[in-house]
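Okay, so here's just one chain, in structure tokens, the form predicted alone.
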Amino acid sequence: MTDDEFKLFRDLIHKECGIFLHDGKKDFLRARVEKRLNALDMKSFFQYYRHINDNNRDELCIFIDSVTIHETSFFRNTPQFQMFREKVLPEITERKRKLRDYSLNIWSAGCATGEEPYSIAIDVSETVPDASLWNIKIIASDISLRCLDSASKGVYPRDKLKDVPEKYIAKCFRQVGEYYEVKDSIKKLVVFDYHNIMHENGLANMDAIFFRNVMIYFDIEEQKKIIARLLRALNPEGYLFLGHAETLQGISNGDLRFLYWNKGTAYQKVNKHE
């Protein structure tokens, strides 16, 4: 892959999904493109580039899927989930009960293969004492159709459950041979949907948004646009969870305040009507 070919694919990826690959990712990108060349029996990088630019949306989706990162796990970043479970959920539900509003809307943006939204659903079902009386909706979105298909099945090998407490495994999963499937009582709380985070998806009135370990793949200008979209979807006093290595320094203009609780971190949207 020449430098010019690398730039063609890099710019295409940036245009389609906002992810910017720096020069150090050339070998990574070459390997991913070569895999598609072999699958399609094509001979050159430029031939493949023309192929996916010739209104071939299906192959473009496959290509974008192949160059995006889908690393995830159940209850990833334990202090953050403890914060969500012990501080955030009680505060949100207490506030909404006073308003006689029994809806709970949470968005897992960049959900990959589903471990994060199912972790959220487990915590909600186990933490909110009258959860059965609430209208709970956990929206789980991703740009990868392959990941969404896997996530919707909710079937995982035992080693994927290493960070799930045993009491949750017994209560929220059923063993199917060598695998474990999320029970329907948890699955019904989660709605999986395709979404490119570069674009609006119409979501609103979110009480919490998980956008973790995704922002680092975007340049600063795209980060600003994405955070602005998330803010529009988030309720006043709603919570935004980012990855532990991600920050809004230089991005947020005072609409969010940083919170630190027992080693867990989050941002809360300022209620400007207080």
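Remember, predicted model here, so these are calculated numbers, not experimental data. Each residue number is its position in the shown sequence, starting from 1.
One more form of this protein exists, namely the form predicted together with a small molecule; it is left out here, but the text below deals with it.
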query: Can you pick the stretch from 91 to 99, 72 to 80, 125 to 133, 167 to 175 whose heavy atoms fall within 4.5 Å of the small molecule in the predicted bound form?
result: 72 to 80
task: Determine whether any heavy atom of residue 45 comes within 4.5 Å of a heavy atom of the small molecule in the predicted bound form, and answer yes or no.
output: no
query: Do residue 195 and the small molecule come within 4.5 Å of each other in the predicted bound form, heavy atoms counted?
result: yes
task: Indicate whether the small molecule has at least one heavy atom within 4.5 Å of a heavy atom of residue 49 in the predicted bound form.
output: no
Contact label in the predicted bound form: residue 235 to the small molecule, heavy atom within 4.5 Å: no
field: Of 251, 21, 256, 17, the one that lies within 4.5 Å of the small molecule in the predicted bound form (heavy atoms)
entry: 17
field: the small molecule in the predicted bound form reached by all of 112, 214 and 218, non-hydrogen atom within 4.5 Å
entry: yes
